[in-house]
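Structure 1 and structure 2 below are the same protein chain in two forms, each given by itself as structure tokens.
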Structure 1
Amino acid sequence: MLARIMLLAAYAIGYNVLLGYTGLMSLGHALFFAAGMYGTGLSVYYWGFPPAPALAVGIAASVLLAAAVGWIALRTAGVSFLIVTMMFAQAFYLATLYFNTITMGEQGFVLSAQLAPLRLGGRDFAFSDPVVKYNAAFVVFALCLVLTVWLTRSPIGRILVAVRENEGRTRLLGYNTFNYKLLALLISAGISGAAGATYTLVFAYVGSSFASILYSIYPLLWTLLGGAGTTLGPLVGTAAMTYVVDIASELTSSYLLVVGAALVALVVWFPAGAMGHLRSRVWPWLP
């Protein structure tokens, strides 16, 4: 469970780079998460790639797709950006169904038989081992978190925040905001792709449902719940949502109603999300 939460939190961290720090709300991030999954999964399944190169293929697939999508979608803003990104993600989702002879479509495929252990320092680490699962997820999550902290405190991060706060004024100051937004999208997609690629290695399954609209909505909810524009918000949001679903499903079959009620309560009383609320009211030093 913790391994899954950390990987999905890494996905949300990637999303937060775009929404929280750059102010671009995407509804198509499943495209990048799933591109990471398929890049890694297909290279293992068909060509027998070892884990590390397969991971690199997954991340590269996400970043390349982000470059293509960003070149078009970043010419729009606001609701238009939301819709264009959603359309790209849906096109990718439908492509995974259309090319089902390769992707196995909705049913997906299992990697257990093809996936070689990770070889480090002359030792083999099988992804079926729960300790390896945990550590792989933890390393990826930690790297994504450190990268985000570094980014937000760097001059580039400050320019991204400036774009979020007032793009026109930032442009007036001489910054090419298109390039910075594209950079943010590439970093965001790279992190989301790394999360998807690692998810594939750890859970040994790839399927087109991970490219569906639902998986574009999830990181939005997790980020808003935890606090957009906060470093730890995505982790808090992902963990909270996972455990709310887990606990509520034991108490009632209408557990999605509980999730909905929690989100309504969040919007009414904590519009800045859990960590955003804490930062504004209790701990102003929170990153």
Structure 2
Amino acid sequence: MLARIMLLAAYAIGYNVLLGYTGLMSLGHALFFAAGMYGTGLSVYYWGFPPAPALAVGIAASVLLAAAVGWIALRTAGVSFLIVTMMFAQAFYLATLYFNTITMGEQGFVLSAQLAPLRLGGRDFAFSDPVVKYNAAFVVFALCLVLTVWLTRSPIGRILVAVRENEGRTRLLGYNTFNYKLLALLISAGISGAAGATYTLVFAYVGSSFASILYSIYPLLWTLLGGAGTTLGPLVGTAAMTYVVDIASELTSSYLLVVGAALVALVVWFPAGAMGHLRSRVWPWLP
């Protein structure tokens, strides 16, 4: 459970770069998460790639797709950007179903037989070992968190925040806001792809459900719940929501009603999210 939460939190961290720091709300981030999964999974399943090269293929697939999608989608704004990103993600999801002879569609495919152990320092580490699963998830989560902290404190991060606060004024100051938004999308997709690729290695499974609209809604909900534009918000939101969904799904098949109720409660009582609320009321030093 902890490994899963950390990898999904890394996914939410990637989403937070785009929504929390750049002000772009996407409803198609499952495209990048699933691209990382399929890039890694297919290269292992069909070509027998070792874990590290397969991970690189997954991240590269997500970044390349983000470059293509961003070139078109970033020419829109607001609700239009939301809809265009959702359409691209749905097209990818349908493609995974259409080419089911390769992707195995909703059923997906398992990598247990093809996945080689991770080789480090002359030693082999099998992903079936729970300790390896936990450490792999922790390393990826920590790297994503450090990258985000560095980004937000760098000049580039400050420009992204300026784009979020007032894009027109940022453009008047001489910055090419399209290029900065595209950079934010590439970083966001790269982090999301890394989370998806590692998820594939750790759990040895890829399926079309990870490309569905639900996996585009989840990071939005996790980020809003924890606090958009806060460093630890995605982790808090992901952990809280994962436990809520797991508990609710054991009680009722309509567990998505709980997800919807949580979103409504957020909008009404905690519009800044849990960490955003704490930062504004209690601990102003929170990043």
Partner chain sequence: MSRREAIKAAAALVGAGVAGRVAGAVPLASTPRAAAQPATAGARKALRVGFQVHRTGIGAVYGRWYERTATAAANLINEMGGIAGRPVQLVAEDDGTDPKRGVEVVEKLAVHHKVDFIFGTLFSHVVIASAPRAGELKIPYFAVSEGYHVPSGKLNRYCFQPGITDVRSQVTAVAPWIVNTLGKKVTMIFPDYAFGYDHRDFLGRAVARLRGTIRALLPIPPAETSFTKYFARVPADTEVLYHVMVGPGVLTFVKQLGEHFGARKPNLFGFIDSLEGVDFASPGLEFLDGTYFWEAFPRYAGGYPTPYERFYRERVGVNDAGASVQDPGDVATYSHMFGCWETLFVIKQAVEQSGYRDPTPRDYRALIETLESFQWFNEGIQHPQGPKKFVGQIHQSFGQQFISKVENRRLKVVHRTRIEDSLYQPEADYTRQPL
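Quick caveat, the model's predicted, so the values are computed rather than measured. Every residue number counts along structure 1's sequence, beginning with 1. Note that the rigid core is defined as the largest set of C-alphas that superpose within 1.5 Å between two forms.
Notebook entry, point to check: Which of the two structures shown, 1 or 2, corresponds to the form predicted together with its partner chain?
Noted result: It is the first structure (the form predicted together with its partner chain) rather than the second.
Checklist line | Following rigid core superposition, Cα shift of Glu250 between structures 1 and 2 in Å | finding: So the C-alpha of this residue moves 5.0 Å.
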